[in-house]
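Next comes just one chain, in structure tokens: the form predicted alone.
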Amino acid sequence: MSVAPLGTLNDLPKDYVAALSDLSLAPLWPSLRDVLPHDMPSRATRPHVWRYGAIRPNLLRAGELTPIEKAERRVLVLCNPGLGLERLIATPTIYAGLQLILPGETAEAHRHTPSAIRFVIEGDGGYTVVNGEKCPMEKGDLILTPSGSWHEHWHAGKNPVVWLDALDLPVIYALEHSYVVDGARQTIKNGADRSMTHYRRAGLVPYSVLGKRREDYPLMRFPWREVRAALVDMASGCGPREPVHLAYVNPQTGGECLPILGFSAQMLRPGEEVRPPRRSCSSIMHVIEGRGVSQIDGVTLHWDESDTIAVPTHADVSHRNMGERPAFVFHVDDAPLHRKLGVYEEHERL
């Protein structure tokens, strides 16, 4: 179907355009295809890989150059090259950064309107306190910090602790609702966190919650050792072409953990290639173990342990494990937001 070209600003008298401008008005039709292109959205986000091996020395140097008191949170932000350094975003809806805390340091308590997660990359002896619950930080652990939750970070170990931050900050900032409130040190109210006491096994919840209003955030920490074991067990019962992919969910409701961002973990068997449907949502993929290669909209990106990859909306994607052992990856996407807005789409591959 042929479509007639739309009129441009040059088609209009200059005095008319000036008069509209003086009234803070603009004609839609010259810019209509910028905001409503045919068939496929316009995308500035680029497929990109941030290599941990190159980032880590600069992150450690940040620890030498800037004391925690001067940084509040010592983070190097993953900036998508298609979106610009000044925007501080990995995709249009996902802020991501690598945060460093050194032995003996404390990142003081605060709370903010964006929701956040921590996904631990390396180190031991670190922990996060979320609303009074102490959450140990071990490699591969996912720790939630829902909107408005008090949180602070501590390091009682001997080596640097690094984690991946992911926030819905771009969305909250676009709503002009992004701010932080400082607070006093929290009183820790638990021994072992609830991931080890109340919600350790899938399909089981405390009997006392039955028939009561379900909590929005009953579980703050998802230990990697449990998730990894679940993926390995799942793989033993999957066919060779069936993806080994698990979603992180609220154990009381079965719904996604946070309102805007969703999280999942995937195992790629040696030599396996996965080709998911083309989806409307954007995402980042963080490599927990292994090495491989991704094809994203025709761009080839090789990845190794602890690298992070940006995936634009509506991207044509495949991931292949290039190692001799299973690879494990962690996904962050904005599918929960798309579903709530009623715009989520999946397109089967040809």
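Numbering starts at 1 and follows the sequence shown. Worth saying up front: this structure is predicted, and the values here are computed from it rather than measured.
In what follows, reference is made to the form predicted together with a small molecule, a form of this protein that is not presented.
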statement: In this chain shown alone, the residue from E256, D141, E133, D165 with a heavy atom within 4.5 Å of the small molecule in the predicted complex is D165
statement: Students should find that, of R275, H198, H112, R214, the residue having a non-hydrogen atom no more than 4.5 angstroms from the small molecule in the predicted complex is H112
- request: Please check if H151 has a heavy atom lying within 4.5 Å of any heavy atom of the small molecule in the predicted complex.
  value: yes
- request: Please run the contact check for R118 against the small molecule in the predicted complex: heavy atoms, 4.5 angstroms, yes or no?
  value: yes
message: Can you tell me whether R73 touches the small molecule? I mean in the predicted complex, with a 4.5 angstroms heavy atom cut-off.
response: yes
message: Even though the partner isn't displayed, in the predicted complex is L169 close enough to the small molecule, meaning a heavy atom within 4.5 Å?
response: yes
message: For the interface check, one of 184-192, 119-127, 95-103, 236-244 should have non-hydrogen atoms within 4.5 Å of the small molecule in the predicted complex; which one?
response: 95-103
